[in-house]
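Below, in structure tokens: the form predicted on its own, a single chain.
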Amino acid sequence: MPERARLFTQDDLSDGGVVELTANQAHYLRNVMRFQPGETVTLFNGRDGEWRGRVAALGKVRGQVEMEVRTRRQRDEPDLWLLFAPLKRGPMDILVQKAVELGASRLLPVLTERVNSTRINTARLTANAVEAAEQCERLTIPDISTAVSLGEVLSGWPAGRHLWICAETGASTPVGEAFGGGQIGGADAILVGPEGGFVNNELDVLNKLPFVTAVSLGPRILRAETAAMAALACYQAVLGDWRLPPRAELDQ
């Protein structure tokens, strides 16, 4: 049976170790979840797997959890980046939350010509990512990058990482067919443009690059956050960890 609360921590996790709760975590356990000392909670840090601990002390702004047993081993996840044009606050919150649930390993805001919002609150995006990872029982938190221009991203693109771009116009391959020709377990990235899509000169530049493949998400025009979710889901189903057995079997 899952614990009533699951928390991300920066601390190391080991048998008999003690984790110091942040003020927000102590408030959450004490005042929201009504925890008492002696109850158990799950913790993870992205390095040491998932652990069950027992609340040893819990005050208004402080608390301690003593580790008891590791419940899940750390394991590799798809090396999949999501590059996206910044959106307004609400849609961007949704995009980040769902990208975490769908297993993106890095989230990178990219400034394109038709971007409507250039204000990026990285701390807010990180908080959303942490909350989503806690809720979906993921073992890691994706890296959250600061916003950069499309030109900067492409000029510094790492060798060996393929870039799939979601293109509403121009020549493209249906997403299922395109991913079907990809490499399982490879280093990949998905780029989703802004509301209104990429401009022609951006598509011209992208389509000339040897590491880029343009994919189509079907006959309907999707909102940017919907396109990101759809592309990530298709990728995970064909090339990612949706091909693996259910988590319960992996943890046995």
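What you are looking at is a predicted structure, and each value in this text was computed from that prediction instead of being measured. Heads up: residue numbers just count along the shown sequence, starting at 1.
Missing here is the form predicted together with a further copy of the same chain; even so, the following discussion is about that form.
The contact residue chosen from Gly186, Gly46, Gly196, Gly218 relative to a further copy of the same chain in the model of the complex is Gly218, the criterion being a non-hydrogen atom within 4.5 angstroms. Leu222 is the sole member of Ala57, Leu222, Val61, Val205 with a non-hydrogen atom lying within 4.5 angstroms of a further copy of the same chain in the model of the complex. Contact between Glu137 and a further copy of the same chain in the model of the complex is found at the 4.5 Å heavy atom cutoff.
Residue contact check for Ala237: one or more of its heavy atoms lie within 4.5 Å of a further copy of the same chain in the model of the complex. Within this chain, Ile141 is remote from the site of a further copy of the same chain in the model of the complex, having no heavy atom within 4.5 Å. Although the partner is absent here, Pro86 sits far enough away that none of its heavy atoms falls within 4.5 Å of a further copy of the same chain in the model of the complex. Stretch 168-176 is the contacting one of 146-154, 168-176, 119-127, 105-113, since its residues have non-hydrogen atoms within 4.5 Å of a further copy of the same chain in the model of the complex. Highlighted residues Gln97, Val100 and Arg243: every one comes within 4.5 Å of a further copy of the same chain in the model of the complex, counting any heavy atom.
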